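In what follows, one protein chain appears twice in different forms, each by itself as structure tokens: structure 1 and structure 2.
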Structure 1
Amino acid sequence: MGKVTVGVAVVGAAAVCAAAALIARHRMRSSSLCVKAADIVKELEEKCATPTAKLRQIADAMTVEMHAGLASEGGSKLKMLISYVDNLPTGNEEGVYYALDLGGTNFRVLRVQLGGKSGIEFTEFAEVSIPPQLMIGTPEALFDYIASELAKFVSDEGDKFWLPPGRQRELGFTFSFPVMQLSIDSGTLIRWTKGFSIDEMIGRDVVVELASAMKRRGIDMSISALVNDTVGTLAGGRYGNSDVCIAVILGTGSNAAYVERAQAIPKWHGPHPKSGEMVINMEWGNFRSSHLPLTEYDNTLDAESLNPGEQIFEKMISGMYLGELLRKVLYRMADEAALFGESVPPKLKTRFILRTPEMSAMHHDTSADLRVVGNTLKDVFGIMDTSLSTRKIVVEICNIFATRGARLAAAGILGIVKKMGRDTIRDGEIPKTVIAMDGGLYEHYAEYRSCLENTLDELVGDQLAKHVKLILSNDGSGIGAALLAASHSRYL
């Protein structure tokens, strides 16, 4: 009996020891995984760091690339495209002007009534879907459809819209596909994107095609300006504020435009503009510098993209990519640090499943239990239960990428300010520099916006910060195009 009791006691003790060992191993593993998660976040923070000195180097590199791009075609990663816009709106324009914005599977038609000093008096627009078969059909079919919808819109013009006597209606055409611009009102298509594929159109003048279709539909209207949406943002900003001289779009993608002195553009061989100025479309998304704080996640994202090696700056700062960078880090942490449990949630492997608006919502979560973060992880990835500590890690990663993107964008703006010579006191005065901003990322991601604004103030210094201002200027591709039609009117 005694032997049995001893045996049971020994077995019981062994079981307790085994359980204790199991718990200890589990705790050690949990501790090890926590350390691994912390290491991944720390490494990310270090590699994404943007100290002021680095940002100044990036700004200087941007300025150097701007000079190179203005000197010759292909001289820089920055295309520094001549927009042929040499007259920005003054605020004195009068009459009704139209805009057509073709940039994807939908297009918009818009009209504005300009009242001179009283500004924009009325605006109306309509949005139209393009039937899929027309996106792969013939140039005539596509433009005839667009012109027929424009004709319907023009026919609904009410009495509150008026035109000075003896004038023909004029239109600004925003065409958001790669074109080789030849003048303010002409440009040939280089290639289609966004699901369009009409090979017959390549190399043809998009303004001529639209004008021919408008004529076939009996529309009495001329096309005064072929417009890039960033240049349109600059025009819209200038219309309301004469100190606007730079425009930046921070949305799905990113770009910048600014006003350059014509004599500072060596590659410009055309007649000298009467204004002495020319708007340059930088295509700054393609900027690249050895000073950019690239990580393994950026390199993987770029390698997997449709345009590897291109648009590196855009891939670090714009709304298309921030959510995907966050997903990549979360996937690594799920795989190597079991952030979401023993197995990696399957949806976490899906590229671009996490959009930047959802990242923004998590970043702005102020609830005590970070409820928005938990719900987003559940809705997007199917992760049902997450601890508060896990949710805090997610917010921390959101902050790292948003901060890096915003500070890099601020450095890019400083580069433009420096190129324009507006970073110093001139003739005893500090010039006022206003930057027109557009795009959903800037408008809706408050943490990103405030970080960008604070960083720009930090970079330009206290004295200059009072004279450098960012303003929201919506709808450059619509109202901006109509305003450029007005400022480049044949009747001026």
Structure 2
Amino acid sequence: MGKVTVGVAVVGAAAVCAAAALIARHRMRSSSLCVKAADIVKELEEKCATPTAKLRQIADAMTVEMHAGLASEGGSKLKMLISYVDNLPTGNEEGVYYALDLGGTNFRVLRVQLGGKSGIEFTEFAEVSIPPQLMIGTPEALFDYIASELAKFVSDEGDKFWLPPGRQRELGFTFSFPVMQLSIDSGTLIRWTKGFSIDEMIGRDVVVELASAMKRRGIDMSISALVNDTVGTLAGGRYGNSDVCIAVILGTGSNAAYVERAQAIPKWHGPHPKSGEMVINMEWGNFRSSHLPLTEYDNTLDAESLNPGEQIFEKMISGMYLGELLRKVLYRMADEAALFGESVPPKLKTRFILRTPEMSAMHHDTSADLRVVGNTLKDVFGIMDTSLSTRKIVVEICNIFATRGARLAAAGILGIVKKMGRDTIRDGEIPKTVIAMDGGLYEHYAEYRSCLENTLDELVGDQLAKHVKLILSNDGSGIGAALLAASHSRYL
């Protein structure tokens, strides 16, 4: 063999070795990144775990806080607000009533013609989204916008809606934020939630603000009832089913209301209601307990929010936040485990870029190659190519957060059922408890909904499961507000 040939052979061998070393290093790095990715998912799974025993502790903590919030104003993180609704609709309500439902990114206006015993004769509604700048602007700008949309809607009222002569139109105002009510038709805002932040409004009467804006727009209508969406849902639910005694909203935000015995409300010093009952708006979104399975992602989400330290339960279970929690985990995995390649895709850094409906679409992807997941990652984050194993990881994280949220919501419901004493057999009979559910998360996120339903059955046990039922009360809150306007009409 000549010298040249030997030299080529040596160089060739060196190149092969270097390439092999590179491949080995690459493999080692890839496998250590895989391990890192698996560790992050495993850690998340452990921290988000909600075994039944933990859920029972959470339910008990909810019951304890309910007692404390009813005992005195400020006695608990749970506000347990008195709604001044001591009678739910009977089904005899009659006439045309309006409702305005403000509480998330959209607001709705609706009118109903109530026909007494013949029920709801007609309804019409319009839905308008709220321009984001109005959510953090001034009270006047927000209420003027709402009033102008209401004015347009009122001007379209057709002949089938009928107002007796000499009467002014009446409206039920669903305002889905914590409000300290002073009567059925007045109340001051305690604080904003769900991304709204208009400081000037805090402490102001929301009915006065809406009424002034309506006057500025020349709308001839009075506001007969101010209700939280949970209270509206309870009223709407009861109208259709006399066993409804709890309402839960799982949408952008989350909350629950229920019917309490007036005697069990030590902080209520008003006249004893004839019905002996009072609807309580719990504001359960603000529930907090050491038993809640909080993670580092929850903590940063909270710290970065407009309301740090508040609405911790809501931030774990509701639609406004689930997508953002998922984004936070994906960001960490991109950064620490190169889940989407060598560099972190820039859009993955944008807060709230991934919405819960997109998370839900990925979670429900049944295609063999998880096409919906791939497309969503592309459309939302601009991540072009993802392997099947990466897509599977994404689905796994969706599942972890949705399961945790749904199971916690079920524990919250158990807490209310217990507070109402409906978890036990009374006089040999098991009372029927129907829970009216509303909100886009519950309505559209099927995995979340079925997990919630199964968990509630699991928590109440076989014997009770048949007697504790969830029903979807679609737009119960709007109709409910109109019904409450009717039952609190000034012409009665």
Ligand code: BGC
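The shown structure was predicted, so the numbers you read here are calculated from the model rather than taken from an experiment. C-alpha atoms forming the largest set that superposes within 1.5 Å between two forms make up the rigid core. All residue numbers here follow the sequence of structure 1, with the first residue given the number 1.
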Matching structure (the form predicted together with the named molecule), either 1 or 2: 2
Core-superposed C-alpha of G382 shifting 2 Å or more between structures 1 and 2: no
I130 C-alpha moves between structures 1 and 2 by 2 Å or more, core aligned: yes
Degrees turned by the smaller rigid body between structures 1 and 2, as judged from C-alpha superposition: 21
C-alpha positional change at S197 between structures 1 and 2 - rigid core reference, Å: 9.0
Cα shift between structures 1 and 2 at M180, which is computed once both forms share a superposed rigid core (Å): 2.8
Between structures 1 and 2, C-alpha offset at L210 (rigid core aligned, Å): 5.4
